[in-house]
Ligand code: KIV
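The form predicted on its own is given below as one chain in structure tokens.
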Amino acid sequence: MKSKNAKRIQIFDTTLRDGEQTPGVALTPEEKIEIAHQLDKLGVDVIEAGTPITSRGEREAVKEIAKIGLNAEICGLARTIKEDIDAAIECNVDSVHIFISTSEVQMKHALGMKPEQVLARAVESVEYIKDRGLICEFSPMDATRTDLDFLKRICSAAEKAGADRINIPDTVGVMTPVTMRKLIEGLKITVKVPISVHCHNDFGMAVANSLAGVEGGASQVHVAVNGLGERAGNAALEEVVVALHLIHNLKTGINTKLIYGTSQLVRRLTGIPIQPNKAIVGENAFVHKSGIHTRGVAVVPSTFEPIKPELVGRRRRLVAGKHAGTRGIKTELEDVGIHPSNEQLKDIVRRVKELGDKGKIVTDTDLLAITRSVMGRVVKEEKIVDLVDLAVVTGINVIPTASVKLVLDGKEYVAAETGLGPVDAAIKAMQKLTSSLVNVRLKEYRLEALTGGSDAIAEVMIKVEDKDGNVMSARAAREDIVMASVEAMIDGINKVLLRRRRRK
């Protein structure tokens, strides 16, 4: 369904402001600048860089983002207080986003102000910003619980005072798509400047409400990468953008192929994990396990994929398990150059299902082990990368350091790194080499002890990913945890490189 009066939807990104308000997140100025660069490459229209009044570090970050010459409009958030607004203006931002509570409950208990006082403060602040030549976006905070007549009055007053955009925040996430659409439709009659929406996810409807706001006539949506934000978070950039493009047939300035890379950067710098089944950017978003699904996508991907993984910088994966089908497992094996006969394939599928029935997650390594057993021979595994030497130094007053020597296609490479411990140092040294040489990175690392005692055998399980989104798992077991970790990495890197080369 197309929106009213909106041919192109503006994307206002608040990852660096509301996203940083996620419990457990604290970004350094350098990290905020790195994310800002990526958001600009992604193509967002507005970057809300932060709230300058918050701290000296916040002001430095916003000021630096404003001066590095990004294409996006750089915005600073401020309360309707002169000191806040001045702090934003001093950062040389392009726009100031101001807000003040307008619902009865917040005016009374958060501000201790009467409606007429709130209205006067809003008008005064808008005029103050416009007198200084900046773009002004005005938000009546908690708009969706505000008396409708008062909401229309304050929005009209802000527009008359010179506000360039009026943002309607569903501050505590209480709207439904139907009520959100009706609210924006009603406000469009009163307000003539562009309307944006800012939806929170308290009831899990932030994305749906944002899209409903667009249907009602909003021409800008506030979003955050990975849905970060206060409490249950904001509308997720990746979900809003892809839905606008594919369901609503509307345009944005977003380069969708950079969505997954942006998501991973934000995940790494914020430390907030992404749930595996999250739409678009979750680990399982383009993974197929059920037999009927894998058969379908192996022939015609659109059978069970409403979104092409390549559109958002991802790749499709088929995984083995008790729900797996013959076609999916055959495709997995062919991807690594193994071609069992029909009878062998039936036996492999049976054993995979038996393993799955025992509650076992069937990894790429397990599938290859089963295949070796069934085919009655050692499946030849080429080695593109091989370990030549490993040296580790650690101690009480010594910084753990690891030196690794690898052979890649017959040529030797050496790297050394320090870490929190010998395993961390060794993994970092491996990553330092492989990320620059073959662009393969460690995606997941798990460690389990298989036996008891101080000489316990440790099993390391990893997942690695290359720049094309190829993901492979590997494992290794040794008494030496460092060696097990390095061997697993070598195995995983070889698998992903072999798959990449065979696909080419």
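Computed from a prediction, not measured in an experiment: that's the story for all the values here. In case it trips you up, residue 1 is the first one in the sequence shown, and so on.
This next part talks about the form predicted together with ligand KIV, which is not shown.
*Asks:* Does ligand KIV, in the model of the complex, lie within 4.5 angstroms of each residue among G43, N226 and E238, using heavy atoms as the measure?
*Replies:* The answer is no; none of G43, N226 and E238 reaches ligand KIV.
*Asks:* Exactly one residue in Y260, F286, F99, Y128 has a non-hydrogen atom within 4.5 Å of ligand KIV in the model of the complex; which is it?
*Replies:* It is F99 that has a heavy atom within 4.5 Å of the partner.
*Asks:* Which of these residues, M141, L151, I184, V385, gets a heavy atom within 4.5 Å of ligand KIV in the model of the complex?
*Replies:* Of the listed residues, the single hit is M141.
*Asks:* If we define contact as a non-hydrogen atom of the residue within 4.5 angstroms of the partner, is P169 a contact of ligand KIV in the model of the complex?
*Replies:* Judged by the heavy-atom cut-off of 4.5 Å, P169 is in contact with ligand KIV in the model of the complex.
*Asks:* At 4.5 Å between heavy atoms, is K495 in contact with ligand KIV in the model of the complex?
*Replies:* Output for K495 is no: heavy atoms all beyond 4.5 Å of ligand KIV.
*Asks:* Check whether A88 has any heavy atom within 4.5 Å of a heavy atom of ligand KIV in the model of the complex, and answer yes or no.
*Replies:* Taking the distances in the model of the complex, the answer for A88 is no, it never comes within 4.5 Å of ligand KIV.
*Asks:* Test of understanding: in the model of the complex, would D18 fall inside 4.5 Å of ligand KIV by heavy atoms?
*Replies:* So D18 counts as contacting ligand KIV.
*Asks:* Counting only non-hydrogen atoms, which stretch in 241 to 249, 203 to 211, 161 to 169, 265 to 273 is within 4.5 Å of ligand KIV in the model of the complex?
*Replies:* Of the options, only 161 to 169 has residues within 4.5 Å of the partner.
*Asks:* Taking ligand KIV in the model of the complex, which residues of 77 to 91 have any heavy atom within 4.5 Å of it?
*Replies:* Contacting residue: only L77.
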